[in-house]
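There is one chain below, alone, in structure tokens, taken in the form predicted alone.
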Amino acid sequence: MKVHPEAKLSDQEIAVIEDYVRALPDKNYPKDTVRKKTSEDEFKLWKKNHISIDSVPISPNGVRYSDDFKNWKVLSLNTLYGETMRVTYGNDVVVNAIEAEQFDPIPDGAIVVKAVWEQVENKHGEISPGKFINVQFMVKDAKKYKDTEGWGFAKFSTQNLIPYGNTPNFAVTSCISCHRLKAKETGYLFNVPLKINTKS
């Protein structure tokens, strides 16, 4: 479910990009100045293989999609109404907060991601994930998302990762109201485990 699964870099190309990044100035100089810090050939190679941040799906409220969550700890596995299967992941910030039972408030920088699939049951009663439905993000930034209890919500649907919502305020009516009602005691998070196995 990567945005650009065909984008693969060789060790040589990665080295070129690293050299380019190290050459970037601390200030916002014109692009021509930046180009002079590496050869024209290296710059062209970097540009050819660079995945622009503009190509990454972004929610109307500024939450960006990222594949990073696939390497995070799984917080919970659950189903909903026997129709969907859900896997919830958390980054180190939220994992540490849950382990310490620090819910009021959960620290800024915490990110929770829930991946959702259709639930499929075969003739033997075995359940497995079917068609991918969406991936949902909650990003904690108390200052940026003060109208939604400090959480930035986002949902990216289908394999094309289409962002949900038409305006930055979509989460005020469609997301946080339910989280306020049902999950205030756990920092507005659903499916929080009592304890996390941090040894695995």
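Residue indices: 1-based, along the sequence shown. Note that the coordinates shown come from a computational prediction; the quantities given were computed from them, not determined experimentally. Think of the rigid core as the biggest set of C-alphas that the two forms share within 1.5 Å after superposition.
What comes next is about the form predicted together with a small molecule, which is not displayed.
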Proximity of Phe132 to the small molecule in the predicted complex, heavy atoms at 4.5 Å:
no
Since only the chain is shown here, I'm wondering whether Leu161 would be in contact with the small molecule in the predicted complex (any heavy atom pair within 4.5 Å).
no
Since only the chain is shown here, I'm wondering whether Phe69 would be in contact with the small molecule in the predicted complex (any heavy atom pair within 4.5 Å).
no
Could you tell me if Met138 has a non-hydrogen atom within 4.5 Å of the small molecule in the predicted complex?
yes
May I ask whether Phe153, Cys178 and Leu189 all come within 4.5 angstroms of the small molecule in the predicted complex, judged by heavy atoms?
yes
Look at Leu181 and decide if its Cα position differs by 2 Å or more between this form and the one not shown after superposing on the rigid core.
yes
Knowing the shift is 3 Å or more, I'd like to know if the C-alpha atoms of Ala183 and Ser76 are closer or farther apart in the predicted complex than in the shown chain.
farther
How does the CA gap of Gln102 and Lys182 change in the predicted complex versus this form, closer or farther, if it moves 3 angstroms or more?
closer
